[in-house]
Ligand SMILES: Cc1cc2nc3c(=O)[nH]c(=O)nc-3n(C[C@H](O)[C@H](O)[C@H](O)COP(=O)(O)OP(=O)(O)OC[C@H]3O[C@@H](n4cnc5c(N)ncnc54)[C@H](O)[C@@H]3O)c2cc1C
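The data below hold one chain only, encoded as C-alpha cells and taken in the form predicted alone.
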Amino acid sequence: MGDEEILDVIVVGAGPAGLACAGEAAGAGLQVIVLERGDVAGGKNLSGGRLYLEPVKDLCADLLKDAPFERPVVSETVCLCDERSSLSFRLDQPTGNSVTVLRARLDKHLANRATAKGAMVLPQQRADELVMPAGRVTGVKVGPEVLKARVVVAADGVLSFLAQQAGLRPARETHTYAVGFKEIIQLDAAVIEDRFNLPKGQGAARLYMGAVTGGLPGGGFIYTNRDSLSVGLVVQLGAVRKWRSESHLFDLLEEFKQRSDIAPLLAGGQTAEYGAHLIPEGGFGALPSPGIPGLLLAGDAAGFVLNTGPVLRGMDLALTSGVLAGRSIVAGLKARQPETCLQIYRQALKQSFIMKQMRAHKKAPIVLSSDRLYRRLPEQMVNWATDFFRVGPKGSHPRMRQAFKGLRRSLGFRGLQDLWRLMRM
C-alpha cells in the first residue's frame, strides 16, 4: 500500500476489547478495519460467562444497547466442597449487577454495532506479524500483503503473538495463567428456572471450591443461560503440570458433573459444545506495558483479568480497555499527534477502575495459590457444618458457642490465617 492508503486504525481481534475500540474510533470518523482470523466475530470463542454491568453501563451504553444478554444474575451461591458433600452460601436479590452471556451471540452484536458506526470487520484474516521499522509499529502483515496504519491495536487474546513480537509479553511462569474448560448443556428454560429456584427469565451463578478441582488452585462454576447451562472448571496452569496432565482435566470435569449435588441440575441436558482456553491470572504484578509507539494492547492481550476467588472478571475490563484505547487514538489523531496515543492511553488506564482494582487486589494471585484453600479449608468447613446440624444417637447436638469453638480448633492457626488473608487482599 502507498502512503496515501494508510489507515487510521487496524484492530487485530474481534472480541469485546477489539470491537469496543473499533466502534469508538469509527464513531469519531476514523478509518478502521478489524482483522479476525475466525469465520465470524465470536466464532472462536468458547461460549458462556458473565458480564458485570455496573462498571460499563455508562461507558458502553451505546455499544451494549439491545445486546443479547442471556439472564440477569439474581441468585449467587458459593459452595465449599469435600469429596461427597458441599456447604453453600446463597444470596437471592430482586435485581443483580451482572448478566450471563454467550460470547458468540454477544460478539456478533458488538461487531454489528461497530460496523454500523463505520468500522470494517474482516473475518478469516490473520495478522501474521507487525511491521515495525525503527521500533515503531506502522502496520501488520496479512500473508504477503502489508496493511499500514497510524495505530495498531492488539486485542488478539491472552497469547497475543503481536504483543510478543513487540517485546511486551516475555515468557512468563505457568502459574500466571489458568486454563478454563467448560461445556454448554442445553436445557429447557422452564426446567432451569425450576431447578435453580428462579423467577421466569432470571438467572443464577454458582461457584464451587475444594474437591471439585482435585485440590488444584481454582474452582468450578455453573451459569444459567436462557435455555442452556455453562458448566466448567478453571484451574491454575502451573499446578496442572505438577499434577497429572492436561488430558486429565476433562476427566475432572466429568467427575464434577457427576457429583450428587451437581448431577440433578444437569439431568436430561444435552452437551451442545465444549472446549478449553487460557486465562491471564498473573494480576497486577504480571501486567505488560500497554503498548509501544504505534501499538496499543487491550483486553486479555493486556492481561486485564481480575480473579479474587468469588469474583472472576474479564469482559467488563475488556470492553472498558477497548473504549479507552479507541478514545485515546481519537484524541491523538484528531490533534495530528499519533505519537501521543500511547501516553493518553496510559493515563486513561491509570484513571480507570481497571488499574485501580487490579492494584487493590494485587495480592490475590499469591493468596489464591495456597493449596490449603482448596484442600483443608473446604473439608473442615463441610465437617463443621455436618457436626453443627447433626443430632446424635443420644439426642444431643452442639450449642452455638461450642460449634464455633470447634470450628476455630478445626481450622487451626493456618486456616484462620488463610481466612484473614482472603479478607485483606
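Don't overthink the numbering: it's just position in the shown sequence, from 1. Just so it is clear, the structure is predicted and the values come from calculations on it, not from any experiment.
We do not show the form predicted in complex with this ligand, though everything after this point is about it.
Quiz item: So which of 277, 226, 175, 150 gets a non-hydrogen atom within 4.5 Å of this ligand in the model of the complex?
Solution: Comparing distances to this ligand in the model of the complex, the residue within 4.5 Å is 277.
Self-check item: Answer option from 125, 138, 115, 308, heavy atom within 4.5 Å of this ligand in the model of the complex
Solution: After the contact test, the surviving option is 125.
Practice problem: Among 358-366, 28-36, 372-380, 62-70, mark the stretch whose residues have heavy atoms within 4.5 Å of this ligand in the model of the complex. | Solution: Partner-contacting stretch among the options: 28-36.
Quiz item: According to a 4.5 angstroms non-hydrogen atom cut-off, is residue 312 in contact with this ligand in the model of the complex?
Solution: Result yes; residue 312 sits at the interface with this ligand in the model of the complex.
Quiz item: Using 4.5 Å between non-hydrogen atoms, is residue 185 touching this ligand in the model of the complex?
Solution: Residue 185: no contact with this ligand in the model of the complex.
Quiz item: Heavy atom to heavy atom, is residue 157 within 4.5 Å of this ligand in the model of the complex?
Solution: It does: once this ligand is placed as it appears in the model of the complex, residue 157 has a heavy atom within 4.5 Å of it.
Quiz item: Do residue 163 and this ligand come within 4.5 Å of each other in the model of the complex, heavy atoms counted?
Solution: The answer is no: residue 163 has no heavy atom within 4.5 Å of this ligand.
Quiz item: Looking in the model of the complex, is this ligand within 4.5 angstroms of a heavy atom from every one of 15, 49 and 299?
Solution: Yes, the whole candidate spot contacts this ligand.
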